Structures are given as C-alpha cells and as structure tokens.
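So this first bit is one chain, no partners, the form predicted alone, shown in structure tokens.
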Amino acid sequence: MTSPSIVLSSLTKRFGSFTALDRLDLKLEGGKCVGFLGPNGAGKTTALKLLTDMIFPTEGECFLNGISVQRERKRALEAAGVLIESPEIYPSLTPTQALEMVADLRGMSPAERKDRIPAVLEEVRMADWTHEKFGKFSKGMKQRINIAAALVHDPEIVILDEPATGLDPRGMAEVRSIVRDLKKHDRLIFMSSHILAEVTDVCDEVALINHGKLLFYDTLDNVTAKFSGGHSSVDATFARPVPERTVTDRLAGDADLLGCEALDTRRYRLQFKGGPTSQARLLRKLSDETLELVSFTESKSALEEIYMSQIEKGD
C-alpha cells in the first residue's frame, strides 16, 4: 500500500488581472498533518478549491495519490474527505440522517454505512447526540458533524479549510483534539489556518504562502531552527512570583543560554542553543522545590515571529 500524497504542480489561478496563485509547487506525502498558513488573501482557500476541483486552474494541475484532479476528478477525489467553508446541514436532520445522505452520495453500501456512521460519530465525539436534531446544536457541534461528513467514507486524505474559525475556545479545543486523533489512522491531513497556536498544537509540518507564492515548507522543528538561527526558546512558569535575579543566578555560567526574559513575575522565556540536551540541563537547574517550577514548555511565539518576519519580507 502506497502512502497518501498531495501534489500541486505549477498551480496558477488568475481572476482577471489579479493573480491569486502564482506557479505554486507543493508535494506532501505520508500520514501526517500539514498546516497551510498565510494571511487573508494569500491564496489558501483558492488552492484548496483547485485541489478539490471546485474551481479550475488557469495553469497547472493537482494530484491526489498520483491521480490528476483536473483530468480524473471522480477517481482522484475518492480518496479525499473535504471540508471547505463549513456547509450548512438541514436543521431538521439528525447526525445519522445527515451522514446517511453523504454516504449515499459516496456510493457506500448499507452494510458499510451501518458500521461506519456510528464509528465516525464516535470519532468526532458526537455519539451521544446521534438522534438529536441538527438545528439544536451549537456551532462547535455542527462543525464536528461537518468533519464527520468528510470522514464518513474513511478517506486516506483529509482537506480542511480553517476548521476552527469562528468557534468559541471550547469548540476550537474540541476540533483540535479531533484533528490530532485523525493522525493516528495514518491519514494525510492538509489543513489551512491563520491561527498559529492551532498549527503549533496539531501540525507536524507547515507550508507558508503569501501573494500566491510558497515561502517555505518543512517540519515545524526545521522551520524554527532555520529561521531562528538555530536557537530555541522555552517558557518557564512558577507557582509563585520569583525574582529575576534568582532565575538568572541559577542559570549563570551555562554556555548555551543566550538570554532570559521576564514575561511577568511568574514566567520567564529562556533562549538557548544546543537542542534538547541543553533544554534538559536548563530544566534541571530550575527544578528545585524552593522555586516551585510548574511548567517548562517550548515557546509558542517562535512560529509567530517567523510568520511575521517572512510575511513582512514578502510584502
């Protein structure tokens, strides 16, 4: 069995004199989650619509598992589950009824539906609302059913267009948790987003575009290492206020420590070189009962800083 794959080849889309995508080349392979980042108007949704044959390219071609979307649409899209721009489901339908309709459109047999629909509702944490009307659901619950509709035929490739946008914090957390679990089934997930914390939380790799051009594509670790000059940063949080002098004294003399910044009286950001070994050593130096260290996590600002610098460079 070959690994799932997505290929965008010289993908170009022009709307009159406006170029939304400009010879975009991108190749994704294997079971993982790839975040598709870019500011509003960068071309993310346009690329996903071209990838799913919702619109036609001016030039170039898209492939799913090596099959051309433009030349063999039905065969190519058989392997994909797609959620773009959150479609509305009839409010009088139950989740089971809605998924029955999608399964019918997918050509699934009654036996396949009987097993698969309960399984996919369990996968999106909606098994307890199987027979409730869709119109009664919160926006987050509706989005989980939309994700279930994309998954009902158990696709190898899942394409999601900003699935957590517009949800409250709880709804966003639920969607992120679902996406993380999707990776356990060796699926290739291609997810556009403008929420950097979401990408950092659930994605293995990231592709950044701006003005229809690809700026970079790599693993999160490689992107951080490349654009941060090989430096890393972690945030140390303490249970109570700790004087900055106390923290700097504990870390004094460490050759790999590049800086210590107080974020507030309980949180400090440490910038260092040397990778995991250096990080472990810094952790040991701060792991003291008198300091009451409660967390020591990679800084969430790293991707944000890289994102902003690359976008500004391209503008």
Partner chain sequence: MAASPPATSTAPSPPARHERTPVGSLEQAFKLTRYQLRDYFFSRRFILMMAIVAIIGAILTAVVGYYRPPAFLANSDAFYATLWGSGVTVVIVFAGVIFGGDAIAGEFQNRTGYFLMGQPIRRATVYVGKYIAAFVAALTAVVLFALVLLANGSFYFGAGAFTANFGASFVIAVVYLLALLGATFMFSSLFKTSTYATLVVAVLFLFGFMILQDLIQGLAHTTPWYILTYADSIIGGVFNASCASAPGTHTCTQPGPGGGFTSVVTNATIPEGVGIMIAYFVLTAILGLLSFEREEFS
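Residue numbers count along the first chain shown, from 1. The shown structure was predicted, so the numbers you read here are calculated from the model rather than taken from an experiment. In this text, rigid core is short for the largest set of C-alphas that superpose within 1.5 Å between two forms.
What comes next is about the form predicted together with its partner chain, which is not displayed.
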### Task
Quick one: find which of 122-130, 190-198, 153-161, 168-176 has residues within 4.5 Å of its partner chain in the model of the complex by heavy atom distance.
153-161
### Query
Heavy atom to heavy atom, is Arg266 within 4.5 Å of its partner chain in the model of the complex?
no
### Query
Are any of the heavy atoms in Gly60 no more than 4.5 Å from a heavy atom of its partner chain in the model of the complex?
no
### Query
With the partner left out of view, is Met54 within 4.5 angstroms of its partner chain in the model of the complex by any non-hydrogen atom?
yes
### Task
Flag Thr237 as yes or no: does it have a non-hydrogen atom within 4.5 angstroms of any non-hydrogen atom of its partner chain in the model of the complex?
no
### Message
Can you pick out, from Asp221, Glu244, Asp181, Glu85, the residue that has a heavy atom within 4.5 Å of its partner chain in the model of the complex?
### Response
Glu85
### Message
Need the contact residues for 98-133: heavy atom within 4.5 Å of its partner chain in the model of the complex, sequence order, or none if there are none.
### Response
Ala98, Glu100, Met101, Val102, Asp104, Leu105, Arg106, Gly107, Met108, Glu112, Lys133
### Message
Once the core is superposed between the shown form and the other one, does Ile195 show a C-alpha displacement of at least 2 Å?
### Response
no
### Query
Has the Cα of Thr219 moved 2 Å or more between the shown form and the other one, judged after a core fit?
no
### Task
Return yes or no for Ile84: a CA shift of at least 2 Å between the shown form and the other one, with the rigid core superposed?
no
